[in-house]
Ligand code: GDP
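Form predicted on its own, single chain, as structure tokens, below.
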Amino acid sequence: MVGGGARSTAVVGLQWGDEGKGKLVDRLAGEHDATVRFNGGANAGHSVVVGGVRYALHLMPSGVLSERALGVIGNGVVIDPQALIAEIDGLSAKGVDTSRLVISDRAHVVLPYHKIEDELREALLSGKALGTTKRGIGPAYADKVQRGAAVRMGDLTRPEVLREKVEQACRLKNGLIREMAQRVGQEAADLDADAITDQALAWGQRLAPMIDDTVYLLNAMIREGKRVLFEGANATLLDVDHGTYPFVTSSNSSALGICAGAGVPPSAVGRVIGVMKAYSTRVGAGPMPTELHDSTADLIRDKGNEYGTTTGRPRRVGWLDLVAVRYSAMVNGVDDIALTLLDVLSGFDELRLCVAYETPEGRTERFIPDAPRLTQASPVYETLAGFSQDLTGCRSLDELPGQARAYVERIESFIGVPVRSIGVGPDREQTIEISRGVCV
């Protein structure tokens, strides 16, 4: 098992998401036999550009664009079948072969009442809303933990089991939804259990050939020495246990979620690659110490196309928070770093890096994974010289201007993990590969 695990790879985000994980997974997929989504739902979005064509992936593993790798949606994912079917059809229309997709029969299902509950909860929280995508992800995970009426993908192929679970869920949720709606000045009709069941059965009929026990599948592949690529959705600073709680997602989106979310032992995970962009962004509510509210933020946002893949919302933008990234690298046990979007920083006279926080308790170089306390933290910056050259055509470290290389070297030295690749554009070919890290 250890020998097989050493051949497998995990790709995780080190910030608040949108680091460019999809591009890296797409590049690595051809070297692996399977790519596995182990957490999250349709609230996550990965963008991959191949030959100038942009693919927006939400539930599908980013490796679906590979002609070799099996795509696996693990048991730790919550699946909106309607969204998944639409994604499959959209990719097929673009000529992508989706026949190698396998869906865990243990993955939980996002149903219409989860989305209603999600939207009402955000309305009730008002000024303290979490900033969810209102895709029903949190309520689906909550039902998973509460167990009584949760629906799993395997249930979609068992009409009597499904009908019983949906009826039970509707009985439990009708009063809750009605009460929540009244408190925000809305009216809510009772849920139609028969209609929801019929719709879910139709989804199950369409997806049945893809639904399987992925735990046995993945463990068999690992035993046989095949290479598996584990793909995290969301990112470490949104991890439900280790992120900026409560402004986090509803799953373990760090490498710590792989074993539970895919059903594999710790020995199955060999190399862990942490993906980070050259600056900071965040979508939705929650503290972000280095956030900018000026023309610099607007310029970075426009140059980096910092708008949500899933929602289209403009992302919050700030200077790179090295304190946060070093924390994430520690939590994930990162072996090396993939730095993305360095080209976006071209044109600035100076670049700032957050290397500590000032807090009411004093200065600290530790990240604070608690929203109320992190809100009180102010960034302590180092300033480096900027660069003006266009980096999008660079394909080797030597081609980077000295100031850009110094910026990367400082990132590497502060985090203590080698930078092994640098993204200088959205296309899969716009990448600088480095064998030994920058600081040599």
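Quick note: we count residues from 1 along the sequence shown, nothing fancier. These numbers come from a predicted model, not from an experiment.
FYI, the form predicted together with the ligand isn't displayed, but the following is about it.
Contact with the ligand in the model of the complex, judged by any heavy atom within 4.5 Å, is made by just one of L341, V151, A268, L218: L341. Interface residue among R315, H114, H108, K165 relative to the ligand in the model of the complex, by the heavy atom within 4.5 Å criterion: R315. Although the partner is absent from this view, R373 stays clear of the ligand in the model of the complex, with no non-hydrogen atom inside 4.5 angstroms. Shown alone here, H46 lies within 4.5 Å of the ligand in the model of the complex, counting heavy atoms only. Contact check for R395: no non-hydrogen atom falls within 4.5 Å of the ligand in the model of the complex. In the model of the complex, the ligand sits within 4.5 Å of a heavy atom of R54.
Residues are counted as partner-facing when one of their heavy atoms sits within 4.5 Å of the ligand in the model of the complex; in 16-35 these are D18, E19, G20, K21, G22, K23, in sequence order.
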